[in-house]
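Given next, in structure tokens, is a single chain: the form predicted alone.
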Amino acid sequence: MKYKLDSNGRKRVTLIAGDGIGPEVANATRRIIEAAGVAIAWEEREAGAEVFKRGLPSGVPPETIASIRDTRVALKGPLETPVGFGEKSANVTLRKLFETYANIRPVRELPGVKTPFAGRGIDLVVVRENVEDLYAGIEHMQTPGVAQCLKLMSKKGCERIVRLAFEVAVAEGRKKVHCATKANIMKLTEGLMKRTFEAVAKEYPQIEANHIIIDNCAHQAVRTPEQFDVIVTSNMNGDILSDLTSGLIGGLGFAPGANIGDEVAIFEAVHGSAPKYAGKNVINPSAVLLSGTMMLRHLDEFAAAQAIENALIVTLEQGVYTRDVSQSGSVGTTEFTDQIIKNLGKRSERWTTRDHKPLNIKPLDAARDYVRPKSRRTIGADVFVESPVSPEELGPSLEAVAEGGALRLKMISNRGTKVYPTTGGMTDCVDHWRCRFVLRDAAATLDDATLLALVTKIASKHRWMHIEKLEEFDGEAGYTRAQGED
């Protein structure tokens, strides 16, 4: 069940007003939704700065978690991530706790909002994977001067975000989906999303499917943004691209967002808490309001969502706007909200809202081993070593360590470039070396005892910090080569 009712038949929603300007924009949204006649039982809870200050490192108290777990739907104002105390962002914590794996960011031109792109008819949606990739936040200092961040992308994570992107296109009557990746460089991680997209696209023959390199996508988005309909991409790419596209239509004050999972949906503005403007009645509530219309569609309140969007468009057409649109002639948050309420039931003659159908969310197989290869073989290992010596010294030392064993040193790389045996290049090396060992017998399979024996020998001469097995799945290499490696 995607939402629940209280004893009076009202739809239950957890409301987190947020920090700074949050209470003002959240209250404006609540007023408009109630004026539109939607019966919601609001459960007010807290998260963010004040919770951090009370010493809770997550910024999200247990009672808030319990409420969202129960209602399955939350509307959230902006949350502050304090500097100097607290740990992870409370926003990220909420997304991860409830596995809201999709971030949906509509980007649509609105009347009266002057930008260099006004009149171009921009109307697109960025669908961003929301819980894995680099934002899994798994980092290590592998040497005192070399940091690592693990970029984790799963087949299941790619498939569910790609499927949701196509379902967004279906629900909103859109014709095209672009998948934006960096698969030309990261052939296994970003390449996994590209390959998954191409496989899933075959199930949606009515939708035009295109792959695009992410940097070209950003380039195209500021040249001809009207060419895009739906863009699906990985977590960090989507974080950057969604803010870029929001800038095309007037900024984050008009940028709604939805975090969607199989069990829970959290709707939020993506702008900050702007504490210096808190309580001054000057902030544009449109981002939270449009997030609220996304929430209403999730609650099957399609008519109310449409009415609110129409009222916002009419209000802007009437020249009523907040200071982020123009400081000249602007009105306060309360006046802007009042005007939207007055315009409920009105429609623009020039601007139309997009019709929506229910979004079809398809949960995938819950098995943890989502991909099951028919065969697998370990053919070697990368042993990461910390050493201040040169590759010309390190290479022979490791070859001597492996002498007479089942494994041989194939190559050493430094920051991804092969440096031993030398290629004749001019690599500026640091003290972090990837040392690739492979089986001398190409038909054999590496066992753990053999690998551990090698690592023990390496440890007698060098400091090692990390090991990655070199796997083949169904005959395909599960690893990449260094630059310059044969």
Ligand code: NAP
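Since we're looking at a predicted model, the values are computed, not measured. Throughout, we count residues from 1 along the sequence that is shown.
Not pictured, yet referred to below: the form predicted together with the ligand.
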Close approach of Phe117 to the ligand in the predicted bound form, 4.5 Å, heavy atom:
no
Spell out, yes or no, whether the shortest heavy atom distance between Lys276 and the ligand in the predicted bound form is within 4.5 Å.
yes
Using a 4.5 angstroms cut-off on non-hydrogen atoms, would Ser234 count as touching the ligand in the predicted bound form?
no
Hey, in the predicted bound form, is Ile16 touching the ligand, heavy atoms inside 4.5 Å?
no
In the predicted bound form, the one of Cys179, Val127, Leu75, Leu79 near the ligand [non-hydrogen atom within 4.5 angstroms]
Leu79
Looking at Arg323, Lys187, Arg408, Lys96, which has any heavy atom no more than 4.5 Å from the ligand in the predicted bound form?
Arg323
If contact means a heavy atom within 4.5 Å, which one of 278-286, 117-125, 342-350, 293-301 is the stretch that engages the ligand in the predicted bound form?
278-286
Restricting to 242-281, the residues within 4.5 Å of the ligand in the predicted bound form through any heavy atom are Leu252, Gly253, Glu268, Ala269, Val270, His271, Gly272, Ser273, Ala274, Pro275, Lys276, Tyr277
